[in-house]
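Here you get one chain, nothing else, as structure tokens; it is the form predicted alone.
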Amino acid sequence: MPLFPEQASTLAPRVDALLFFLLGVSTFFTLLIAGCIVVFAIRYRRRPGNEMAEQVEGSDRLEIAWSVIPLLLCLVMYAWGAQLYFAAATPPPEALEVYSVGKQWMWKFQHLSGPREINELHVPVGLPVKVLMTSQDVIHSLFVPAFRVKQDVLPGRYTQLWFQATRPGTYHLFCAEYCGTLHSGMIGQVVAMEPADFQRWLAGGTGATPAVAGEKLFTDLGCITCHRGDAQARCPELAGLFGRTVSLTTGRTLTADEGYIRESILDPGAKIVAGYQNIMPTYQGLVSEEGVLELIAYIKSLQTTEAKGPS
């Protein structure tokens, strides 16, 4: 692995530009301070006799200069870094979504069109890709050096990472958080493909989409018994839930995102929807992380279609 891997994403040149700027500023001031120490140590060294030091009067211009110049440099670093942070933390709305679950010691990836992968992720070149991630056990961290992206993956919550590959190729994928004795073996690769090749690869995949698998799980768990759209519903209807504002019994409101739906499945009593009772049992330990993601994919698919079954 070279010290500076090739730049293979839209974020990589921007991250490198800021890094080199910080390194340049740090190097300049390190050399300046070290040089001043050496020069002053020699020039003002102790000499024989009782030589008295010459008093130096203060200089307003000098004090303003060494105060204002560092301030301006720090403001430039802050503004530049904040701009880059928000760009890296905000995936484009049209990003291709992929689910990922980290566990000791592998990465599982699930494309919304069906294909599943372990320790390998195929993505198209020229299209933004958002990876929604969670951990099944301990803290991991997904790191793709060529894309200059890294994001911690935490148990019990969702984090996300996005990138847009700029050139076809195969790039290293690491876990950047020590996660156990075989941490060093938790590696993989990202395969960036031309869009046409990626579509052919997707077409060759097998397996149900997460939404279809989630619908089956939804039915098997009996969720449709209560989450229905008629007068006998005992729990909120789920069609159109994702992205909608939800009012709670506490008077608070929130936006139904992946984290809220996950919490509602595994800890239903944490946030009760206004107008309903806390009658839903927890599915903690009964549904795997992949299963929760499948249920979320199904609920998200109800945005434009009607809920199936009695709902």
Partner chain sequence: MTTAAALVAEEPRLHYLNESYGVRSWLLTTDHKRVGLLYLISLTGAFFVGGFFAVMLRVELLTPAGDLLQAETYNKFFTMHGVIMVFFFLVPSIPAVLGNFVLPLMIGARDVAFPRLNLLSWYLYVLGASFTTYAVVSGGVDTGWTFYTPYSTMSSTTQVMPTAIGIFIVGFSSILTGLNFVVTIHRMRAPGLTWFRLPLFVWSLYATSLIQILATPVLAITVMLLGLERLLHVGIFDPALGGDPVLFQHLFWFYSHPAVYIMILPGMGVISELVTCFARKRIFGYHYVAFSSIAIAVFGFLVWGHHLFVAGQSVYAAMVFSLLSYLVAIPSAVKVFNWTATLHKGTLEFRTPLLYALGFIGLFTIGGLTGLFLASLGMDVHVTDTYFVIAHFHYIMVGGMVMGYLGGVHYWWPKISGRMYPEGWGRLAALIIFIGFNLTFFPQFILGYLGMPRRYHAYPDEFQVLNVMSTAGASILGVGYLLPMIYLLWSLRYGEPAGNNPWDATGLEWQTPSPPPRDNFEVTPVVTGEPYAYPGREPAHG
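From a predicted model like this one, the values you see are computed outputs, not experimental measurements. Residue numbers count along the first chain shown, from 1. Take the two forms, superpose them, and find the largest set of C-alpha atoms that agree within 1.5 Å; that set is the rigid core.
There is another form of this protein, the form predicted in complex with the partner chain, and it is not shown here; the text below is about that form.
Shown alone, this chain has one stretch from 219-227, 131-139, 189-197, 91-99 that lies within 4.5 Å of the partner chain in the predicted bound form by heavy atoms: 131-139. The partner chain is not drawn, but in the predicted bound form it has a heavy atom within 4.5 Å of residue 77. Contact annotation: residue 119 falls outside 4.5 Å of the partner chain in the predicted bound form, judged by heavy atom distances. Of the heavy atoms in residue 285, none are within 4.5 Å of the partner chain in the predicted bound form. Residue contact with the partner chain in the predicted bound form: residue 181 places a heavy atom within 4.5 Å of it. Taken together, 1, 33 and 58 are fully in contact with the partner chain in the predicted bound form: each brings a heavy atom within 4.5 Å.
With the partner omitted from this view, the residue of 145, 124, 115, 236 that lies near the partner chain in the predicted bound form is 145 [heavy atom within 4.5 Å]. For the partner-free chain shown, 81, 82, 84, 85, 86, 89, 104 of 79-107 come within 4.5 angstroms of the partner chain in the predicted bound form, judged by any non-hydrogen atom. Relative to the superposed core, residue 281 undergoes a Cα shift smaller than 2 Å between the shown form and the other one. Here residue 35 counts as shifted, since its C-alpha moves by at least 2 Å between the shown form and the other one after the core is aligned.
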